[in-house]
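What follows is one chain in structure tokens, specifically the form predicted on its own.
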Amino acid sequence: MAGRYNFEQIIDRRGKDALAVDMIPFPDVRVKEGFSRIPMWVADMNFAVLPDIQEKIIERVQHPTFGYFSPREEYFEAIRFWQNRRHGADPRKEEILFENSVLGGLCSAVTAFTEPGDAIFLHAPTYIGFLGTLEKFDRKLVFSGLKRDERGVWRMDYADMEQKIAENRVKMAVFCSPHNPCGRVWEREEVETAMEIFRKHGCLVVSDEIWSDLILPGHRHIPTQSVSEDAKQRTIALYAPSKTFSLAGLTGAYSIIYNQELREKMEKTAARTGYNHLHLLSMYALIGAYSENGLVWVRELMEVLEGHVEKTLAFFAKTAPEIRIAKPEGTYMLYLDCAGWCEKHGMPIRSLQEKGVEAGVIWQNGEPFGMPGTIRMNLALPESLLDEALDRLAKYVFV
């Protein structure tokens, strides 16, 4: 579909500090001669960024000073504009805190509100970044598995959640909305029910909403803080433009905390480290992204991604129907349950993963997310590259 922005441009990222193309997540596997690398693993996009982002950064870089600074009013106004237009939220300036990243915000919250030995609740499958971060703390991680219903939709198991939280005296819950890696966009009733369980058991909630702008047509993100006054006061919500606009290399996220006591404790904890300061160019990147043009760019991006999801689901339904895929409702990641295919074809999941990489389709092992026998696949790339990847999978992998 023709639009204002070009999502078909092929960008050569080699030698430009791109983890997606410079690294293969299977250290002992090599791409066979004659195949280029198609990056479909780490969660950044292979599209050119919104031009306004570059323009804001370039304009600032042309001024020859980069000394100490305070965040511009435009930075906070851009966040307030974006939150209002995208999610109907209206945070005040003082309720917005800078975080060096979403995971950095999680670290601050864990440090501020829990002690060694305390239990922290998460859903499984679990974003690998949560696991890698929380394992560094002396905390007890408690998991409740998401379950697929008769239509293949991932659902929370409320009875299991409540039992695990009560038995382990959980102090903090990490809520991922939309869910990564499953791509589930929670409905209002689901968020309300989860938050009521957390309220009942006195759990502080850290809500990772970094994917909240990348919602596929037919679905709507419900901010965790919006479902009740208790949820508003109980929740530390973490956001960033990094997933939406592919800005992970420009460190910068933010939290919205309406509860003054929670906010002050988060600020105090972050200040102890001395590192949690806004980066000058990250500030300008956000100002460029969170704009009227940014709204258009995201709308067109989601139209592109919807087409990619439909094409890829159709491919697997025809080529490898034993692979179970819950159609994502948000994000640009596909989570493939390959257990049935591997069993039918007598192939270990590792061999299947390696065959894809050898053909230049650089996808990701899903086991570190808590689900063995799975593959995680990034669809945020030009359609011609997606077509090439699917063609290679048909010819060299699923044969």
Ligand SMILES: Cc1ncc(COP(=O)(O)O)c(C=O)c1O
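From 1 onward, residues are counted along the sequence shown. Remember, it's a predicted structure, so these values are computed and weren't measured experimentally.
The following text describes the form predicted together with the named molecule, which does not appear among the structures shown.
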| property | result |
| --- | --- |
| Partner proximity in the model of the complex: F98 to the named molecule, non-hydrogen atom cutoff 4.5 Å | no |
| Proximity of T244 to the named molecule in the model of the complex, heavy atoms at 4.5 Å | no |
| Contact flag, L301 vs the named molecule in the model of the complex, heavy atom cut 4.5 Å | no |
| Partner proximity in the model of the complex: D213 to the named molecule, non-hydrogen atom cutoff 4.5 Å | no |
| Location of the named molecule contact in the model of the complex, chosen stretch of 139-147, 270-278, 293-301, 204-212 [non-hydrogen atom, 4.5 Å] | 204-212 |
| The named molecule: the contacting residue among C176, V170, V191, I287 in the model of the complex [heavy atom, 4.5 Å] | C176 |
| Candidate from F121, W186, F198, Y127 lying within 4.5 Å of the named molecule in the model of the complex - any heavy atom | Y127 |
| Heavy atom contacts to the named molecule in the model of the complex at 4.5 Å, residues of 92-108 in sequence order | S101, V102, L103 |
